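Given as structure tokens, the chain that follows is alone and in the form predicted alone.
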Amino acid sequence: MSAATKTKEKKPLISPVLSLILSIPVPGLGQLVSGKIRRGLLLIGSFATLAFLYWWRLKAIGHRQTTLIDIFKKALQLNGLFTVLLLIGLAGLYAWILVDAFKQAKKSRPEGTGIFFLILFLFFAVGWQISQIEMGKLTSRFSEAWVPLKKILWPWDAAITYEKDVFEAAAQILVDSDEAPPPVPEQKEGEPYLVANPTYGNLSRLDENNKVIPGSRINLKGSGFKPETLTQIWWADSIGNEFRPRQEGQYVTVITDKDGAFEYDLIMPYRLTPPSAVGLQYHEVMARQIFEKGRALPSEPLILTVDLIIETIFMGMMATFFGIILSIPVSFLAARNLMSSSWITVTIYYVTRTILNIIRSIEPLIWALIAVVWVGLGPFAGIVALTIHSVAALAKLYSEAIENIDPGPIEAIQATGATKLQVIRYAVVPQMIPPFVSFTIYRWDINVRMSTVIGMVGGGGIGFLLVQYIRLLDYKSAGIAVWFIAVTVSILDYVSANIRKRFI
């Protein structure tokens, strides 16, 4: 008689019908009771989680409705595809679990994984809806993204500047007043001239929904300018603050004709009246031609970027240095193989591990916010934030390297009657150097890259400059910063690879 014949098959704990009945009120309970514990728990947890997520999303879609029917109707109206498909998916999963409960009760071992692919698909569908993914926007709105993106990809014309010769004329405008408007300026021979008609009007304003209500339209006529030359239109408020007005999302510019003249209809821009401005509010509209002259010079964005990328590199270096010094002693306390000799050392091990996990779970950006309050704005706050996170991260990596060392040398040194410190010095440290060097270089790379992020909350470095350029929509200057960050990270990667070759 063969071994297969001798082997007695296990009898099912419950009948297939009973397993199916148990799964009707609690999907997956039949599998659990029939002995398929892991399968049953996974199905119970998955179905319950999916059902909760479905109900939660329906309430989020129809949040103003009170009854179940009204919520479902609102969800159908606003997001019918998701509502119907996931409901069908849940119903299909429920039916599949019932069939699976019947089948699994007949088998000694759980079989079939197709049901879990359905579960993964349903979780993916919920995630798609929660994330509000709209693939159509990737193509329909790409043209809008391409405008700033191409400036970031090739920003180098903003890295060079020249001395400028300005050729301009201005006209005075009385805003938001019924008083007598300013007179039309007299034209002087050989000088540029600008006249506005009328010389008064109302500025654009915002309604209660923050939508712009256009202001008065004024006609600008210029003459005496350089012919066939790009001319910028500027606006100055009553205390002399200048800015460039926009129309249809673009800065207002005109090109003069062959006689140096132009005509343009300008909608008066939106501008809050400064608190220091009193009396009648006279603004100025200016037509300005700018000519470059002299030799090329590095622009202000380029100079600031170079200064702050150097600061960023040293922030990462200093944070890594302090992180190494503080994390090495902590790593010995977090190594299980070194801290398992007594209940006291085991307690220290668990306390140390818990503290490291808590510190690591808080992102450097949050630590930077705390450090800014602690030590003030600037690179020191960034160094403090990165050091705190580096200590936790490096101590964990170092301790795991210690736990994976070869126990042979340790036992050999201990057999000679060496003390704890001598064991660490002669058996542990020599085995630690290669992984320590690798982890340290890796952390330096992380700290340099994180320095660009924590600068956004005032932690110093190039991140602060980058976010300011983005907020000002100065994408070319932002592109210079992005390029320097990319080049710096690439160089550091090359350097770190060569250091690893030497030590590992």
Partner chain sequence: MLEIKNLTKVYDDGTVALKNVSFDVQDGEFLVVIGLSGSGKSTLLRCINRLIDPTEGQIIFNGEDVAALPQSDLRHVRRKIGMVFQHFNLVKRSSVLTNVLAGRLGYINPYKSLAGNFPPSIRKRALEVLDHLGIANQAKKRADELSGGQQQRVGIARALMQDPELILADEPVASLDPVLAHSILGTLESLNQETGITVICSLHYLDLVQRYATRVIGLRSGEIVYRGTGKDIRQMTDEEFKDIYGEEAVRVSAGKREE
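Residue numbers count along the first chain shown, from 1. From a predicted model like this one, the values you see are computed outputs, not experimental measurements.
Another form exists, predicted in complex with the partner chain; not displayed. Remarks below refer to it.
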property: Partner contact for Arg425 in the predicted complex: the partner chain, 4.5 angstroms, heavy atom; result: yes
property: Contact test in the predicted complex: Ile413 vs the partner chain, heavy atoms, 4.5 Å; result: yes
property: Contact test in the predicted complex: Ala418 vs the partner chain, heavy atoms, 4.5 Å; result: yes
property: Touches the partner chain in the predicted complex: Pro409 (any heavy atom, 4.5 Å); result: yes
property: Option touching the partner chain, based on a heavy atom within 4.5 Å in the predicted complex, out of Pro430, Gly294, Gly240, Gly80; result: Pro430
property: Position in contact with the partner chain when the complex is considered in the predicted complex, options Pro181, Pro434, Gly378, Pro185, heavy atoms within 4.5 Å; result: Pro434
property: Contact segment among 434-442, 52-60, 454-462, 31-39, judged by heavy atoms lying within 4.5 Å of the partner chain in the predicted complex; result: 434-442
